[in-house]
Structures are given as structure tokens and as C-alpha cells.
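As a starting point, one isolated chain is supplied in C-alpha cells, in the form predicted on its own.
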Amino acid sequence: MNTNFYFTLFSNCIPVKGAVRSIICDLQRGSYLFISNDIVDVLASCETMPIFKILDYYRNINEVELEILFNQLIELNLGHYCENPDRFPKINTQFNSPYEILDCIIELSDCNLKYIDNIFESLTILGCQTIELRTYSHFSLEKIEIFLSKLNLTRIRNVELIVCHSQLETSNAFEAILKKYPIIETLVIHSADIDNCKTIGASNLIFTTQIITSSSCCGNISKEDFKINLPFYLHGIKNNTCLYKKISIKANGDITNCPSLEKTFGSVIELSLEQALNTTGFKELWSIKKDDINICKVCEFRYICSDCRAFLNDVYEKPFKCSYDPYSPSFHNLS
């Protein structure tokens, strides 16, 4: 090891320090590596000091130990030696979107079906990119197709469809829907008899025995839902990862930030989505990022996990359905 060199992590490999341990997020490969908080401090110093100065500053680490650490990180393609770290700039953390709305959730209903043209016209004006269509009880495929038929006229690029299992529709009928509307990335059939997953073209067809009876079933936080990529990371350090530029329409037409939140900002019966978006308070929760939330702000997973601001007494509390304790650090069963 040439101690006149520097050691730097690749720009897509970002350390996130937690209460008692840390991770290196590999935003390119979608993975993370646990490391100690002490190592994070050493790696931070490596950005400005050559290795011989690191050895002088951290007297509790000898050269052999440091070389083993660096070699492990190199083997994992997380970092490298270099003569001049200024030649390897950090990722620009600016997150800008030209669209007023990025995500929309619509609870499928006869009410929303009645105002479907107004809804999709507004979503097009607002630039909405992703939409989730969901039902908690049986809603006929014929009516669902009316919603899907409007997608071709919008800017929407990704669709998730969540429907309730019914004896009235067969698996073949759902497969036919995915073939007809390849814009659907994932079709989830909840309350099914079995758990099963298959791929239809580029779409995922998922049957789950999980019973989803209302929006109160949402908001679960788990490591299975971690999103480890650059857009989500940039989003998370500046804004709320669940609610930023999101709009929702409940089954009765009420417009909200999220179906699980009680506060409404009018109804599609009387307002356009653009008008609701400009209602006082609609964007109030958008800026609550994980660094502002108690417990979350010391969690090593804070930039790769989703969020939920529903079911809380204080909007700055950790998600109600998050079982992770960064001080243990471990996941616990929720009572």
C-alpha cells in the first residue's frame, strides 16, 4: 500500500451513519454493506488526507488493518486508491423535477369513474408519471378497463394495479389484461387463495393471500421494501419519500395527499386536481425528510426506506408501522 495515496469510495457508494452502526449504500448495484461507525469516520477523513496522515491521526489503527479494510472495499468494488481525490467529484445531490405531480393513487369506484375524464386530463396537465389504481373489494374488470383505456392519453409511464381477488375473474383474465396493457408494471391480486408470482411479458402478476380491506392496511415499513438507487436517495435527502409530489383520490372522490391520511383538500366532484394542489396546506408534508423525523434521523437505512406520515399523533414521529430500532439495532414484532 502506497501511503502517499488517498483512498476514496466511488461516488455512487455513500456511507450513511446510524446510531450504533452504519451502511455503505451502493446506489448503482442496489445493495448495502454494514460497517462500523468508526470506519465511517475514517473513510470521511480519507477524502481529505493521504493514507500516511490517516495513520498518524487514527493511532488506534495500524497500517496492516487499514490495508485489509481498503482491500476488502476494493474487492467489493466500493472504492479505490488514487493520487488526487479531486479528480473524482461527488454526486450532485440536486433533485429537480419539471412535473408538478409525480405519483397518483386512485381508489377505483363508481364515483371516480363518473369523473374519469376530468381526473386524467388533470393528471396530464400536472405531468404525473406513475399511478397506482387500487380496490379493496370486487370491482369488475370491465370498469377497471375503462380506467386503463385512459392511460394512453396521459404522460403516465408506470402503472401498478392492486385489485381484490374474486371468483368472478380467472387468472387468464388477469393475464389478458397485462397483455393488453403492457404499461402495467405490476398487477397485485390481494385476498387470494394462494401466494404466487409470475411474469407476463415485462409485467409482474402477483397473487397474495394478504387481505387488504382499506387504506389502513398501508404504511408498513420493512427491509423488503428498501429502494437502493440514485433517484430515491436524492429524493430522500431533500423531501418526503412518500408524499412529495403525490396526490390521491379516495373512493368517494375526496382529494388527499394519501388515501391513509384523513385531511382532504376538496373533491373531484367540485374541484380539479390542479385546484386542490394549490389549496393551502396541500404541500405541507412534502418537505418532511427523514433527517427531520425522530428516530429516523439516526437510522442507517433512512435514505433507502420509504416513509408513512399516516396514523401518527405527531408528523415528526417515526412511521407507526416501522418495527426497526436503530439503537438495538434490530427489527421487532409490532404488537
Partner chain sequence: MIKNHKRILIISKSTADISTEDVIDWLILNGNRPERLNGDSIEDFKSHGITFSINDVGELISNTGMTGSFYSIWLRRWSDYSSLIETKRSFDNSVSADLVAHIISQLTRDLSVIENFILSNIRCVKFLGSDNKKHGNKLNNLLLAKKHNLEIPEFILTTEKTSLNKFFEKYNKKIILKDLSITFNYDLGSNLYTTYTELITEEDISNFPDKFYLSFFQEYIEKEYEIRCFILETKVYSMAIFSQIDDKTKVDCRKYNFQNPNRTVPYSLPLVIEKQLINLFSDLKLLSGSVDLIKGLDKKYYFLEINSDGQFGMVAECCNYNINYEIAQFLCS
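In this text the structure is predicted, and so the values were computed from the model without any measurement. Residue numbers count along the first chain shown, from 1.
Omitted here: the form predicted in complex with its partner chain. The next part is about that form.
- In the model of the complex, at least one heavy atom of residue 28 sits within 4.5 Å of its partner chain.
- At a distance threshold of 4.5 angstroms between non-hydrogen atoms, residue 86 is in contact with its partner chain in the model of the complex.
- Using a 4.5 Å cutoff between non-hydrogen atoms, residue 322 does not count as a contact of its partner chain in the model of the complex.
- Residue contact check for residue 13: one or more of its heavy atoms lie within 4.5 Å of its partner chain in the model of the complex.
- Screening 172, 213, 210, 96 for any heavy atom within 4.5 Å of its partner chain in the model of the complex leaves a single hit, 96.
- Only one of 180, 138, 198, 155 comes within 4.5 Å of its partner chain in the model of the complex through a heavy atom, and that residue is 155.
- The partner is not drawn, yet in the model of the complex one stretch among 155-163, 111-119, 200-208, 130-138 has residues with heavy atoms inside 4.5 Å of its partner chain: 155-163.
- Applying a 4.5 Å heavy atom cutoff to its partner chain in the model of the complex picks out 230, 234 from 216-248, in order along the sequence.
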